[in-house]
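Just one chain is shown here, as structure tokens, and it is the form predicted alone.
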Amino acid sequence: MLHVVGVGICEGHITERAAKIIGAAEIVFGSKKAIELASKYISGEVVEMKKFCGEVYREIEKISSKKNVVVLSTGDPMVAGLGSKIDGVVESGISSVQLALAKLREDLCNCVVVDAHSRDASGDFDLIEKRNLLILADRNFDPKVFGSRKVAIIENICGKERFKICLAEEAEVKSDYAIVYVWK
């Protein structure tokens, strides 16, 4: 059996269902951060994932044909996570998207989520004419492309948070894990 389990992005965000699934696993795979977030629930063998690619995912799937395996995914596996990359049963988690929307008091149905983390997502930016954009960004992302639109920059959402609402032309992303929210 193979589960892909969201562990949230902050300590204390693992659901009861996720904790039970993690606790029942014979082998738990995950990034260092995901393993740290789930550590108190893990009773099986732990394998830290250093590479995230199709070859690794297929090997995990093969192992799961003989053992009860959990792959931990930070945030929610279906929000720029591992849920669409590994063939297993997905258990949702609390994502940075949900935390940012709660902070902003914005409804998910009023925006489009764009993954610009370590990739060029500029082709999706024309969606701003129809909906607000919530952009998963890194320090290479330049919010100035949105000119004089109002933006929110949220960085380090689990720690000493940096939160700023300003005009895009004045905005700067300083973290590799940031949320940029752009109003249409």
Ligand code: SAH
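Note that residue numbering follows the sequence shown and begins at 1. Quantities reported herein were computed from a predicted structural model and do not represent experimental measurements.
Unshown form predicted in complex with this ligand; subsequent notes refer to it.
Asks: Name the stretch: of 144-152, 51-59, 35-43, 130-138, exactly one has residues whose heavy atoms fall within 4.5 Å of this ligand in the predicted bound form.
Replies: Correct option: 130-138.
Asks: Taking any heavy atom pair closer than or equal to 4.5 Å as contact, tell me whether Asn156 reaches this ligand in the predicted bound form.
Replies: Flag for Asn156 set to yes.
Asks: Using heavy atoms and a 4.5 Å limit, would one call Trp183 a contact residue for this ligand in the predicted bound form?
Replies: Although this ligand is absent here, Trp183 would stay clear of it in the predicted bound form, with no heavy atoms inside 4.5 Å.
Asks: Can you work out whether His117 and this ligand are in contact in the predicted bound form, taking contact to mean some heavy atom pair no more than 4.5 Å apart?
Replies: Although this ligand is absent here, His117 would touch it in the predicted bound form, with heavy atoms inside 4.5 Å.
Asks: With the partner left out here, check for me: in the predicted bound form, does some heavy atom of Val4 sit within 4.5 Å of this ligand?
Replies: The answer is no: Val4 has no heavy atom within 4.5 Å of this ligand.
Asks: Between the options Val113, Leu101, Val90, Ala80, which residue brings a heavy atom to within 4.5 Å of this ligand in the predicted bound form?
Replies: Comparing distances to this ligand in the predicted bound form, the residue within 4.5 Å is Ala80.
Asks: For the heavy atom contacts within 4.5 Å of this ligand in the predicted bound form, list the residues of 1-40 involved, in sequence order.
Replies: Contacting residue: only Ile9.
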